[in-house]
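Next up: just one chain, as structure tokens, the form predicted on its own.
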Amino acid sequence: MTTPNISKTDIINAFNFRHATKEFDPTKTVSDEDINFILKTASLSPSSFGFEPWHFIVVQDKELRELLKPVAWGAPLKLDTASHFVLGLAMKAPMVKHDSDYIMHMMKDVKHLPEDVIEMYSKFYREFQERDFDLDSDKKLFDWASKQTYIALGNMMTAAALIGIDSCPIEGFHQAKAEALLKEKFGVDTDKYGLAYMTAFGYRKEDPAHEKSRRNFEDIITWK
């Protein structure tokens, strides 16, 4: 593993380049190499306890994209023009609750923790859910898992910008209707997974009409 050596200027330039692209150039396609690079940054993203409570569906089928339009008011133009369209799913309570089979699988089969460490980790994770974060409902557990999934979203969009690819995060959808569609047409087990966001990737049709606007740096940072 080598130490990264990307210039700060290049990184800030990528952040300035990135914007929520409303319409993509439908004649331009992100290469397989580049989209896999972007998705790899999602898989390498950090998550609470390292439990990776996410799954990503890359929707390239035009008929499936059409089905998404009625349940995603913020997506139609992106669905028509984006090179790649990604659904970010977050795990629900049956997957992320402290005593779930998935959590045991992660500790035992993915992290390869010894039995004594699994016992200690399980106790710590249970106390975190029940005491520290008060994750006492299915909704709270899904929202907590969604927080982790958003870390992957940020990393994907930043990685895309660093190689000159545009993106747009989308929350403009009806969650219940979208999940019903995912269950019926996409084969998603919606008892285990919920839709956290959608994301489009491609190349902008035109530059944004206005420069990026942000609050003053001094207004958002406090040093103590």
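Residue positions are given as counts along the sequence shown, with the first one as 1. What you see is a predicted model, and the numbers here were worked out from it, not measured in a lab.
This next part talks about the form predicted together with a small molecule, which is not shown.
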>> Just to be sure I understand the contacts: of 188, 39, 170, 161, which is the one whose heavy atoms reach within 4.5 angstroms of the small molecule in the predicted complex?
In response: 170
> Given that the small molecule is left out here, which of 102, 124, 133, 150 has a heavy atom within 4.5 Å of it in the predicted complex?
Replying inline: 150
> Within a 4.5 Å heavy atom cut-off, is residue 204 in contact with the small molecule in the predicted complex?
Replying inline: no
> Should residue 74 be counted as a contact of the small molecule in the predicted complex, where contact means heavy atoms within 4.5 Å?
Replying inline: yes
>> in the predicted complex, is there a heavy atom of the small molecule that lies within 4.5 Å of any heavy atom of residue 212, even though the partner is absent here?
In response: yes
> Does at least one non-hydrogen atom of residue 20 fall within 4.5 angstroms of the small molecule in the predicted complex?
Replying inline: yes
>> Just to confirm the contact call: exactly one of 89-97, 74-82, 114-122, 139-147 touches the small molecule in the predicted complex at a 4.5 Å heavy atom cutoff, so which is it?
In response: 74-82
